[in-house]
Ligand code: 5GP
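Given as structure tokens, the chain that follows is alone and in the form predicted on its own.
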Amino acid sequence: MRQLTMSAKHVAVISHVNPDGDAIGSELGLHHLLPALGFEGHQTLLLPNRVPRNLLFLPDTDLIINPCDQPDACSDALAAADLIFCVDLNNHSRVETLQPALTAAQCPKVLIDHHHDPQEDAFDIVFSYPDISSTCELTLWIAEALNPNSMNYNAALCLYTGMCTDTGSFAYSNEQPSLYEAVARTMKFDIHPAWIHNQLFCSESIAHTRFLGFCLNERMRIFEDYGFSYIFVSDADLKRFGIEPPELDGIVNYTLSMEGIDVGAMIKETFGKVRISFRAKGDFDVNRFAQRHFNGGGHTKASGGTSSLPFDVTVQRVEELLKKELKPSNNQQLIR
């Protein structure tokens, strides 16, 4: 990879639709690391849609372009690139409207990702480690292997943010010591984790806070006997509160905030498409559940999927499937 990076003149870095902290953190982290990895040319940073409000504090988010605002510029950048990095996505379909331009690009493509089942034949170099905490952690280790002195303040800030958000503020099952070793690398640069936490979780708009209250009060269903809950929001709900799809990130975690609830889901209709996020804090394997029923996947405790069914039908199907898997009053009999 170092040879490709050093010989490239125009690099494009792209991540997935509805980007979260790991997507943007790994994209910007790589952006800030590339000069130390031998790249001296022009960089273009792309996303399929806009950066969520709570991540705008990260350095150089203003450089990221998206097809909502600059459709031609995104396609032109992918066509002009002589090297493309795809971060935190396991196949081309996850860039949605930018998929045709990404697939058509003739230059080498490098995948850096931690999701299951990567589309390996779509990339020239694949770094895929599903057991690692986040793409940000993986990016850090790749950079360190190429140049042990590559880390800098901006990269550390971005990579820490992605590791924090993709592990639920280090609350998910993070048994691997490598995560905390990676965090220690970033902490050498005085990045102030408490300040980052405030930017991520304590800087929402009033509209978002009201929307969260609406979700918890009117769009959450709780099944104590089965040990699960879910939240469902439609396009109409988003329009009512003026909420953009990226702002939904993190709301699913509230489904697990109650005692006795070990599995949570969020079903969301955005621009007519239905997506589901799953979370777990017990033994339930939401990755396998999403793979079986919703053409998705991810990780044991955090995964996602899609549905081709109408929104209301999908809501009912998620409920029925979870009831089937999670036996009432015996929710230790879980999918393995």
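Heads up, when I say rigid core I mean the largest set of C-alphas that superpose within 1.5 Å between the two forms. None of these values were measured; they are calculated from a predicted model. Note that residue numbering begins at 1 and tracks the sequence as displayed.
Although it is not shown, the form predicted in complex with the named molecule is what the next lines describe.
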item	value
Residue (of 115, 208, 109, 92) lying close to the named molecule in the model of the complex, criterion heavy atoms within 4.5 Å	115
Contact stretch among 54-62, 41-49, 27-35, 277-285 - heavy atom within 4.5 Å of the named molecule in the model of the complex	277-285
Heavy atom of residue 295 within 4.5 Å of the named molecule in the model of the complex	yes
Any non-hydrogen atom of residue 67 within 4.5 angstroms of the named molecule in the model of the complex	no
Residues of 1-17 having any heavy atom within 4.5 Å of the named molecule in the model of the complex, listed in sequence order	16
Did residue 246 shift 2 Å or more between this form and the one not shown, C-alpha, core superposed	yes
Core-superposed comparison between this form and the one not shown, residue 44 Cα displacement 2 Å or beyond	no
